[in-house]
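Consider the single chain below, provided in structure tokens and representing the form predicted alone.
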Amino acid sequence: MFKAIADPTRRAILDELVDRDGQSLFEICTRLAMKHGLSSSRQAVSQHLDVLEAAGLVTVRREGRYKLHHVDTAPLGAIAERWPPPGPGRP
């Protein structure tokens, strides 16, 4: 999972899915170009989505001929639970 979120393009994809969940590949590519100035090819964005899906951060649902991508932040929550921030009485 750390490898998946190490790439700035993948983090931008996750940001876009948090902002508007359930996007198609075309929508994600458009938003990356418009909001982030990223002109990655559809194939490159598709490969980034595959990495995010393999890491459990993105799920895919078919709707007709479209694949809709949804963010799943549960794996990130598991990290936060494993290493909670220091608080009163903890170093």
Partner chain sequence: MLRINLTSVVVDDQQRAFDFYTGVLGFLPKEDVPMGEHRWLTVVSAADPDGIQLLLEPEGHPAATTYKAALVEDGIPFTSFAVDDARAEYERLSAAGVRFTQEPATMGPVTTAVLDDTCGNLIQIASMDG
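Residue numbers count along the first chain shown, from 1. Computed from a predicted structure; not experimentally measured.
This protein has a second form, the form predicted in complex with the partner chain, left out of what is shown; the following refers to that one.
Of the heavy atoms in residue 63, some are within 4.5 Å of the partner chain in the predicted complex. When contacts are judged by a 4.5 Å heavy atom cut-off, residue 54 does not count as touching the partner chain in the predicted complex.
The partner chain in the predicted complex comes within 4.5 Å of no heavy atom belonging to residue 70.
Although the partner is absent here, residue 24 lies within 4.5 Å of the partner chain in the predicted complex, judged by heavy atoms. If you take 2-41 and check each residue for a heavy atom within 4.5 Å of the partner chain in the predicted complex, you get 20, 24, 25, 26, 27, 30, 31, 34, 35, in sequence order.
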